[in-house]
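Here we start with a single chain on its own, the form predicted alone, put down as C-alpha cells.
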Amino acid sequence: MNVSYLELLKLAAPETIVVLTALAALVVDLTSTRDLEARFRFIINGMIACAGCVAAIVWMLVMPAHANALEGMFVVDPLTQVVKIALLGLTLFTVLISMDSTFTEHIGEYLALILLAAVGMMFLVSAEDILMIFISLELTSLSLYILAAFNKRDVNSAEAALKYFLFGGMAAAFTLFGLSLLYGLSGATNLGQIAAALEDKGLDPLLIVAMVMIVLGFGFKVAAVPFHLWAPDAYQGAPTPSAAFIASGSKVASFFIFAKVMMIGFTGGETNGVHEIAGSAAWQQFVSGWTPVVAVVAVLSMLLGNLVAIVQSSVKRLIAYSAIAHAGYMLIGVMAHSGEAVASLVYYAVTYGLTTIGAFGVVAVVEARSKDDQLASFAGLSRRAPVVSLCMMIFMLSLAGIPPLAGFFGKFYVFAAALKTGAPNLGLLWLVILAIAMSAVSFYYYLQVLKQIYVADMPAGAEELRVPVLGQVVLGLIAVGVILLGCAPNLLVGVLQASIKAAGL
C-alpha cells in the first residue's frame, strides 16, 4: 500500500506523540524546573511523560487504523494497536514507580530515554520487514543500555550496562548476519514475501544457519538460556525502575516480534501436517526445523532459571532468574504457531510485565530504606508496610501461577494452545508437563520472599517504613490490575482474539 507522507504521519501519530513528549520533558527539565528539588522535578516531568503516554493511548482508541504501509515497513492493525497500548501502559507505570527515585539528577534525560525506548518497541511491533525490525531493535536496545547505566553513583550500574551492551552488541551482529542470509536466500525483506520465496526450498543449509542466528539474537532479547548471561547482573546493577522496564516492556515487544518473525517468515509448505521449515518438537517425532531449536532453548531456560533462582539471596537476581524461567514458558507459545497461541502469548507477556513492574516497585521501596535488595532486608516488612507487603504477595503468587491471579491464566492459555497445536497426539505434552513441574519448583523461591515478609521477625530497632502515598497508590493499582486480569482474563484475551481475527492471522 502506497501512502502519502501525511497519511504515514497519521498512522504513526502515537509514536510521534511519544517522541514529542520525550522532547517536551527534556526541554522542561532543562529550563523551567532545573532549579527545583529533584523530587518536584521528577513529579512535574513524570506527569508530562504520563500525559504523553495517555494521549497516545487515547489516539489509538479514538482513531483506530488498519493499514500496511511501505510493504510491511509499518503495519497498523487492531493487534499491533492492542500491543502498543499495553506497552504504553507498562511505560506509564515505569515512570510512576520512578518518581520517588533519587539515583540521578538528570531527570529529563532519564524520562526521555524511557519514552524513546517505548517508541522503539512500538515501531518494532508494527514491523513486518526485517530491515525495520533490526532498526527498531537497535533503537530500543541503545536506550535500554543507557538506562541500565544511569546510576552514576553505583559502579554496579556501570558494570551491568557494560555487560548488557557487550552481549547485546554481539547478539545484534548475529541477528544482522542471520537476516542478511535470509535476504540473500529470498531476495526480499518483507516477512510474507520471504515465506513465499522459501516455501518450496526446504531446509537449505544456509537457511538453517540463518534460523539459528535469528533464534540466537532474539534469545538474547528475551533472556533465554544460553543467551541469558547478561540478565542477572543487569537486573541487579541497573537502577530498579530501569530494570523493571527492561524486564517488562522489552520482553513484551521482543516476544511479539519473535513470534511474528517465526510464524510468518519461517513456515514453508506442509508435509503430513508439519510445516517443512518450522519442523516439529513432538515427543519422539522430532522433525528438523526451528521448532526443535526453540524447544531445546525453552527446556534449558525453564530448568536453569528455576533451579538457580532457588539459591539467590538478592531479590532482583531472583526475579532475573525467574524471568529466564518465564521466557522458557513463553517460548512454548511461540512453538504453537497459531492465532490462539499468539493471543495467549501476548496475554502472558503483558500480565507478566505488569506483575514484574509491581515487584520491582516494591523492591525499590525496600531498597530506598535499606540500601540493598537482599532477602534479609524484607524481614518483617508486613509489620512495617502492610499495603506494600500485600501488593508483593499478589505479585509473587501471580508469578508463581496461583489462581485466580493473572499469572495462572497466562500459563494456562499458553499450555492449552500448545496442546491444541499438538493434537491429536498431544506432541507438545512433554513440554507442558515439564513446564508445570518447573512452576511447582518456582513456588518454593517465591514463598521464600513471602516468608521473609510475613513470617520472619523484624530486625532490632526497625521502624515503620514511610512509603509515599503516590507509591502506595501506584503499587495498589498494579495489584488490582493483576487481580482483575486474573479474575476476568477475557478483558484482554477477548480483545486479543478479536484483533487477531481482524488482522487475518
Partner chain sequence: MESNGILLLVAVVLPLLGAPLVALAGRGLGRRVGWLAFAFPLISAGTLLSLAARIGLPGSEVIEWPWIPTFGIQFSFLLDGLSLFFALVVSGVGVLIFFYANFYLDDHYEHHGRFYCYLTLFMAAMLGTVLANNLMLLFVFWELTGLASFLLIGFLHHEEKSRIGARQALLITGFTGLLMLAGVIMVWLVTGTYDLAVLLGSGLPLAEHRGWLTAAMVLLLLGAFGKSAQFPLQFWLPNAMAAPTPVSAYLHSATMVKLGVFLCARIFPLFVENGLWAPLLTLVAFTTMLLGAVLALLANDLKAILAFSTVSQLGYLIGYYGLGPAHGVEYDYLHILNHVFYKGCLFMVAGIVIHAAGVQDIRQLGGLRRRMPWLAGVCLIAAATMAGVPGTTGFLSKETMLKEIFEAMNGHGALGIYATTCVVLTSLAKVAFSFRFFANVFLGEESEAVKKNFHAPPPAILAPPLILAGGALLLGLWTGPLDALMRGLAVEGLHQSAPHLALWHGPTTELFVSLAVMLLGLGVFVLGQRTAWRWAAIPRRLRFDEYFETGIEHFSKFTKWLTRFLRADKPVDYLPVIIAFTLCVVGGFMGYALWPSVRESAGAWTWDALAPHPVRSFVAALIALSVVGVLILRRWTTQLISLSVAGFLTTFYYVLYRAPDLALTQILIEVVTLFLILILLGRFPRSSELGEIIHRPSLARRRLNVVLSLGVGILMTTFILWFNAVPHPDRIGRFFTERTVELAEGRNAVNTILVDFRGFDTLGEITVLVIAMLGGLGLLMRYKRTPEEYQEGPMGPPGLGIKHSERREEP
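Treat the numbers as computed from the prediction; the structure is a model and nothing was measured. Residue numbers count along the first chain shown, from 1.
Keep in mind that the form predicted together with the partner chain is missing from the display, and what follows is about it.
Asks: The partner chain isn't shown here, but in the predicted complex, which of 97 to 105, 79 to 87, 305 to 313, 349 to 357 has heavy atoms within 4.5 Å of it?
Replies: The contacting stretch is 305 to 313.
Asks: Among 67, 458, 38, 436, which has at least one heavy atom within 4.5 Å of the partner chain in the predicted complex?
Replies: After the contact test, the surviving option is 436.
Asks: Just one of 195, 390, 208, 375 has a heavy atom within 4.5 angstroms of the partner chain in the predicted complex, so which one?
Replies: Selected residue: 208.
Asks: Looking in the predicted complex, any heavy atom of residue 380 within 4.5 Å of the partner chain?
Replies: Although the partner chain is absent here, residue 380 would stay clear of it in the predicted complex, with no heavy atoms inside 4.5 Å.
Asks: Closest heavy atom of residue 338 to the partner chain in the predicted complex, within 4.5 Å or not?
Replies: Output for residue 338 is no: heavy atoms all beyond 4.5 Å of the partner chain.
Asks: Just to confirm, residue 443 within 4.5 Å of the partner chain in the predicted complex by heavy atoms?
Replies: Output for residue 443 is yes: heavy atoms within 4.5 Å of the partner chain.
Asks: Does residue 170 reach the partner chain in the predicted complex, with heavy atoms at most 4.5 Å apart?
Replies: Looking in the predicted complex, residue contacts with the partner chain include residue 170, since a heavy atom lies within 4.5 Å.
Asks: Heavy atom within 4.5 Å of the partner chain in the predicted complex: which residues of 481 to 497 meet that condition, in order?
Replies: Residues within 4.5 Å: 486, 487, 488, 489, 490, 493, 497.
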